[in-house]
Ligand code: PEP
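So this first bit is one chain, no partners, the form predicted alone, shown in structure tokens.
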């Protein structure tokens, strides 16, 4: 047993086996090229792939807190920054490879921060390194890090970025020990938010730790114990177990206003793993399962069986409660491998149902998996970005064909799902009366509804003040949707950022919204506000 004093970012404790994170060195040699068009296209495709990956990380981070989610929003904005992109494109035009151009320009940026003592500027340097390394990895077709194996691990690394925490799997990390690093870094703040013990500055003793079988991290005493004796290990395990038992499940609160109006409070999730946390946080169901992340998290489109088991796993955790599963909303900020060209304005391109129609075989695979899963709970199948009756009827006909195929002539076979659409464009809102004739429910996606109504990109900081779901035009469209739904007696859910906005609650209750679906960490707070509402 050996003990080491170290700089601890927080006071948390952990016991586990070390996992040494080895990162491939990103040494770039200048490479000349004779085909500038191919290099420009490679760079454009790398930007698109990196943005896809960051969209996944942004969503995962949103379940921690808004600050962590904004970090990945900032990284995505870097991928669109002309101050970075223009000189890279110019370098490629001069006849060097995309990797060489990226390295040359990024080094120029990084040199600005090398001699500074400003903590904030040093953090900015880490952000640039994170984004640049991601782009280099994509260009080279290699993995930076992969997900950890099952279990809890203490990650040992020379350095680490916030994106690595989510890629490795935040629920599989018991602790982090860095050879280098800063207590002021973004990843240190993330570790604190996730309650992960985090140590930095183990330069002298790093190799000893990597050779150990078991590590104890004691943030309170600022020490690391390598290969503890039996009694020490037993004491730490007991202490950690006792602490975990004090983390009580929140008390369930009835989301009923003082005047007797019930509003279901459901969870937005992107994986079956997040469904467990939604149950713990007393969600009344799943209001939005973003299935595109099931696809984007892997290199290949998941097959029918994989998707079926994923959907069934979520539904099994909510017996008797509604689970709304959205078909893949690929395109826009969530591109997939089938999109092989750069798009100037992806939010107005092939996304949602348009993408599904274009890739019908993959769409059929998902619908088959969903139909099969419907026998395991209260499934609501929801289609995004619908703007016409033709699109609704197209999906309904597909579902009918697939049900007949799965029934295989057995008339007693039943698939008890509901079918609905997301209303997230002005076109869909204005046609809600016609659409309501064909569906069982509406779900209002206020994020897209806001950006399309106000012509303001929600990821563009230059129009951040204009992008506002409280704008009278957005509220008026929500009211229009509700009136159309009322006439046909179909329920309406809200699942965008507006759903968790206290300033919007009065509007939603007045309009008669049936369900608000929010990030898992917002469920209890929203239930409390509904319970206190007059």
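Positions refer to the first chain, counted from 1. What you are looking at is a predicted structure, and each value in this text was computed from that prediction instead of being measured.
Another form, the form predicted together with phosphoenolpyruvate, is not on view; read the next lines as being about it.
Contact annotation for the candidate site: 54, 58 and 294 all lie away from phosphoenolpyruvate in the model of the complex (no heavy atom within 4.5 Å). Though phosphoenolpyruvate is absent from this view, in the model of the complex it lies within 4.5 Å of a heavy atom of just one residue from 137, 91, 326, 75, which is 326. Checking 101, 217, 288, 178 against phosphoenolpyruvate in the model of the complex, a heavy atom within 4.5 Å turns up for just one residue: 288.
Using a 4.5 angstroms limit between non-hydrogen atoms, residue 458 touches phosphoenolpyruvate in the model of the complex.
Although the partner is absent here, residue 274 sits far enough away that none of its heavy atoms falls within 4.5 Å of phosphoenolpyruvate in the model of the complex. Within 4.5 Å of some heavy atom of phosphoenolpyruvate in the model of the complex lies at least one heavy atom of residue 422. Of the heavy atoms in residue 372, none are within 4.5 Å of phosphoenolpyruvate in the model of the complex. Note on the interface: of 492-500, 505-513, 35-43, 475-483, the segment with non-hydrogen atoms within 4.5 angstroms of phosphoenolpyruvate in the model of the complex is 492-500. Residues 422, 424, 445, 446, 447, 448 are the ones in 421-451 with at least one heavy atom within 4.5 Å of phosphoenolpyruvate in the model of the complex, listed in sequence order.
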